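Presented below, as structure tokens, is a lone chain in the form predicted on its own.
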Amino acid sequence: MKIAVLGMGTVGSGVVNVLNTNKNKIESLLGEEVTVTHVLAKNIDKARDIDLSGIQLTDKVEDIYEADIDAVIEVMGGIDNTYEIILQFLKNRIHVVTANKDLLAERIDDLVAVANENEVHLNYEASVAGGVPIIKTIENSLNANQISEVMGILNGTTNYILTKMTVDGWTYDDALEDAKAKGYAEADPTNDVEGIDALRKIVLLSRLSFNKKVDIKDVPSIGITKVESEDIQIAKNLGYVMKLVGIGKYSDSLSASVEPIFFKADHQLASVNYEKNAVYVIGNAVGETMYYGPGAGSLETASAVVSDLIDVLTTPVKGNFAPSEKAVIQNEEVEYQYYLRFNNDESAVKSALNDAGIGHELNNENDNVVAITEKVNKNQLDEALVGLETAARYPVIGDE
């Protein structure tokens, strides 16, 4: 089997490393030798720690289009140009494995249509939660279920920051700088801390879980840049832990979002700390399940990429998953409990919530009036809070 690797950064190097290190195991599964014949790299003269001897290193993808290969692994990132590159390989009837969540969240249905037309695989396990095998789990292992909910801590950077704020009482700014120093955050962390990275992943998970085409523009996302240490510590004292979560739910309609949520401390996701990822799936037959592990890293992500490659080279093409119906996202009627912190006195808060018929528990924490409400939808809560000065407002899960 001959393959090409597009991109020789952290993950691309990891892919070659895994193929070399686990060569005997992989070839025993395939029944033949796996050879990387071509590597596409921006800088072909750059010194690398990985052995690329015997591999044609090129900065021109055209050199690979007509090469005698069975599959390509795309780990270079990017959207528009990368879309055209993957499209060409699919049209050439070459299997594609990609880790590119940014591209897939916007164009996966277009690419799948071309892959199916040309009877080749388009596999993307590594695009969500790195080394956690969640795509194959939902598509194959849980395919006997009607899935009602998929929810995940899908970004290691934000989970690391929130863990430092919760466990060590750090400010957001201090936790972010520490994440940068440890390599968990980029110099420009916008995609992570604004929830964009998690948004792309929950779009892919919701599409797969609920058999719907999900338009990323229809899914709202809120990051963690405005989270205050004060609320994290108040909620911690009340038995809650904050996580940035992508969540999709389906019953009569589909809801999907990314936002900071407080979990009761005994909820499974509450104990997922630092840079780790976890995905929580509820199926009507299996019940509640959770999948935990590393969300990023060279070898960790390469593990998922190479697993996809093995699948591509050993599994007959039966057609890539392709939902036909477009999702209509309806978040307004989803009910949550809420954590609310007010700049009003206790009597005003109590009166407003009582008048709205919203059950609640009031707490005075460090001169703050804090309410934990019963389950209520967004519109009901908005109406109840008119006239009040709300300093913080977050959904709560796990105290029903």
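Given the structure is predicted, the values throughout are model-derived calculations rather than measurements. Numbers for residues come from their place in the sequence shown, where the first is 1.
Another form, the form predicted together with a further copy of the same chain, is not on view; read the next lines as being about it.
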(message) I'd like to know if residue 18 sits close to a further copy of the same chain in the predicted complex, meaning any non-hydrogen atom pair within 4.5 angstroms.
(response) yes
(message) My question is simply whether residue 318 lines the interface with a further copy of the same chain in the predicted complex - judged by any non-hydrogen atom within 4.5 Å.
(response) yes
(request) Would you please decide whether residue 83 lies within 4.5 angstroms of a further copy of the same chain in the predicted complex, comparing each non-hydrogen atom pair? (result) no
(request) Give a yes/no on whether residue 144 approaches a further copy of the same chain to within 4.5 Å in the predicted complex, heavy atoms considered. (result) yes
(request) Verify the flagged residues 25, 140 and 288 against a further copy of the same chain in the predicted complex: is each one within 4.5 Å by a non-hydrogen atom? (result) yes
(message) Taking 4.5 angstroms as the heavy atom distance cut-off, pick the stretch from 253-261, 304-312, 173-181, 196-204 that is near a further copy of the same chain in the predicted complex.
(response) 304-312
(message) To verify the annotation, which of these, 228, 119, 300, 109, has a non-hydrogen atom within 4.5 Å of a further copy of the same chain in the predicted complex?
(response) 300
(message) I need to confirm a contact call. Of 91, 213, 236, 136, which residue comes within 4.5 Å of a further copy of the same chain in the predicted complex, counting heavy atoms only?
(response) 136
